[in-house]
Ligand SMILES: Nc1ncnc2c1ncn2[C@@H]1O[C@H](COP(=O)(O)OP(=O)(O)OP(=O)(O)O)[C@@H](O)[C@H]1O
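Here you get one chain, nothing else, as structure tokens; it is the form predicted on its own.
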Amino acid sequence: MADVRLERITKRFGDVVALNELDLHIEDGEFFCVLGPPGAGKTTMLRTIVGLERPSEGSVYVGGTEVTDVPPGERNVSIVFQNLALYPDKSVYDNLAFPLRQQKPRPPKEEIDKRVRDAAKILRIEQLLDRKPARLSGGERQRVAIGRSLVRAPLVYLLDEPLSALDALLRLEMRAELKYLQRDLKRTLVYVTHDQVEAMSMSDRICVLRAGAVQQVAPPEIVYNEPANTFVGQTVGTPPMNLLPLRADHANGGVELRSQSFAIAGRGGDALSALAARAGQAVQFGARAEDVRIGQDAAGSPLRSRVIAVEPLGGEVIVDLDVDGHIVKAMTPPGIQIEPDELVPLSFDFTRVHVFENEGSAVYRAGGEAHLSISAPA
């Protein structure tokens, strides 16, 4: 068993709180991504798991055993740093063998050789064993850094933004290789990234971190389709979720979310009771770009929006629109005939929209039923 549990972990650096009462359970054999912007506490969390940082408060468990006061070398957890930390004067073989040669007692020479060559075979770097890091490409150096963790056969692998220095094509290739490797090893892997595409495409579950606090932990599709708050909605997804400030009010036995140029009326459905309870308050209306309807798809909508820009992206087109001074992005199929400054009808897929409190927490999610509709403001 190689699960990881963090119980009420707080880490302070002077007056700075890097981790704030963090509670997490990373399951045995899980590919677990930690996603957040720079300064969110991602690296501090990894360093706390491996033992390079001691929490100011709270406890760390690996495989069901508390390791809060156990030295890093005795936790059976390995970490691959963002800068890879390869020894430039050592060959690939010696870089891979280094952690084994530091073990006490040191494994026999024959065992070290076997584990190094087995790791090299898995990572397809057998032909590079005699080279120095300076003679390797970025992707090859990345494989060597992962291989140095692999030879130790730890319970848990920690990777700190390992692909950030690679070009886009190589990152794509390495993402697939890492996912395949983790499934093949059947080991727990905790992967830190600020790239939401990496987190969405690789993980079994995502933890979204902000200022040292957990915002949401869920499988990628849940994080994308059911964000817990506006921060998650705008962190996960390309482009980020559109947000429009509206005001909630009672109207005609239902609820209306009002803007300067349009209103969204809601009637029926238990979920709308949460909106009715916020009558008189500011809220934020959220819609993904693929759930914004324009042109013929929005026929009958009273809302007209000016096109700011058209962004062709090959398989899709992003149309930037001005809605009451806020930019709303709509995702459309390629070949759409639309020009900047054109006025187009605009509406939303009301089976997929969200409403958040003004400070950010989700209060309404359509959930596949359209209890909302667009209308002209009263």
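Each residue number is its position in the shown sequence, starting from 1. Only a predicted model underlies this, so the values are computations on that prediction, with no experimental measurement involved.
Not on display, but discussed next: the form predicted together with the ligand.
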Distance check, residue 40 to the ligand in the model of the complex, heavy atom within 4.5 Å = yes
Any non-hydrogen atom of residue 332 within 4.5 angstroms of the ligand in the model of the complex = no
If you check in the model of the complex, is residue 161 within 4.5 Å of the ligand, heavy atoms only?
-> yes
So in the model of the complex, does any heavy atom of residue 355 sit within 4.5 Å of the ligand?
-> no
Taking 83, 176 and 180 together, does each of them reach the ligand in the model of the complex with some heavy atom inside 4.5 Å?
-> no
The ligand in the model of the complex: contacting segment from 30-38, 342-350, 310-318, 60-68, heavy atom within 4.5 Å = 30-38
The ligand in the model of the complex - contacting residues of 7-25, heavy atom within 4.5 Å = 13, 16, 18
